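Here's a solo chain for you in structure tokens, the form predicted on its own.
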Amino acid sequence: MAKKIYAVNGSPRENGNTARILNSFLEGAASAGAETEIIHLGRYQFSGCRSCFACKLKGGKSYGKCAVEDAVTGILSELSQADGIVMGSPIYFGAESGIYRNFLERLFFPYLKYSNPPSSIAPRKLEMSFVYTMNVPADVMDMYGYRDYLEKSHKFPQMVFGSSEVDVLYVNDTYQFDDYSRYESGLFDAEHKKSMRDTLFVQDCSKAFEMGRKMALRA
């Protein structure tokens, strides 16, 4: 039976940089025999964790699963049977998009058991990767601590899902506008951005492809 690997797009754009990187990841997974699917969070109306703790209530009907009923309830159920998930988000003001973070809370928290030491009640092991796209170049990302902030989330896949390894791809210096002259964008060199789109971004798509292939082989 083929492994099932999902990509979760935390960008409001379905054809933007994040989606393109995620689709390259899924192409790599498919090349290794996996079935793939992309989920665009921008299509759904949903909330983050409401801190109701129903997922932690002993004997409760929602123990080990999110009790909130909304547009992503079925998606969370579907992902509980996945073999691998790649999460992708654009970076806004040094952090993930709001819809991405809301979904991450809903995905991780119900399975995290408040035991001593903490443990997991996830129904199965799965592999997990992360990709982030951002306008800033790599040196600015590191200067302002983006990487340090984002890496705090990368420990949870191993804790919650028993992931054997967690691959991360930072996609920097992305191309934002089809025509920079139409927008207030004097901070940027449009020719440089086009160059990065045609060189660095292409390389990052190749890296994402290889990450997807590796995940399918690990799963």
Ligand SMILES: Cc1cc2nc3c(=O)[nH]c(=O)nc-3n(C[C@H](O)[C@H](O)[C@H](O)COP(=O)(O)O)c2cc1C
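Note that the coordinates shown come from a computational prediction; the quantities given were computed from them, not determined experimentally. In case it trips you up, residue 1 is the first one in the sequence shown, and so on.
What comes next is about the form predicted in complex with this ligand, which is not displayed.
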remark   = Counting only non-hydrogen atoms, the one stretch of 48-56, 169-177, 152-160, 30-38 within 4.5 angstroms of this ligand in the model of the complex is 169-177
note = Of 134, 72, 128, 107, the only residue with a heavy atom within 4.5 Å of this ligand in the model of the complex is 134
query = So, in the model of the complex, is residue 24 in contact with this ligand at a 4.5 angstroms heavy atom limit?
reply = no
key: residue 87 within 4.5 Å of this ligand in the model of the complex, heavy atoms   = no
request  = Spell out, yes or no, whether the shortest heavy atom distance between residue 94 and this ligand in the model of the complex is within 4.5 Å.
outcome  = yes
inquiry  = Even though the partner isn't displayed, in the model of the complex is residue 146 close enough to this ligand, meaning a heavy atom within 4.5 Å?
reply    = yes
inquiry  = Do any residues of 184-219 have a non-hydrogen atom within 4.5 angstroms of this ligand in the model of the complex? If so, which ones, in sequence order?
reply    = none
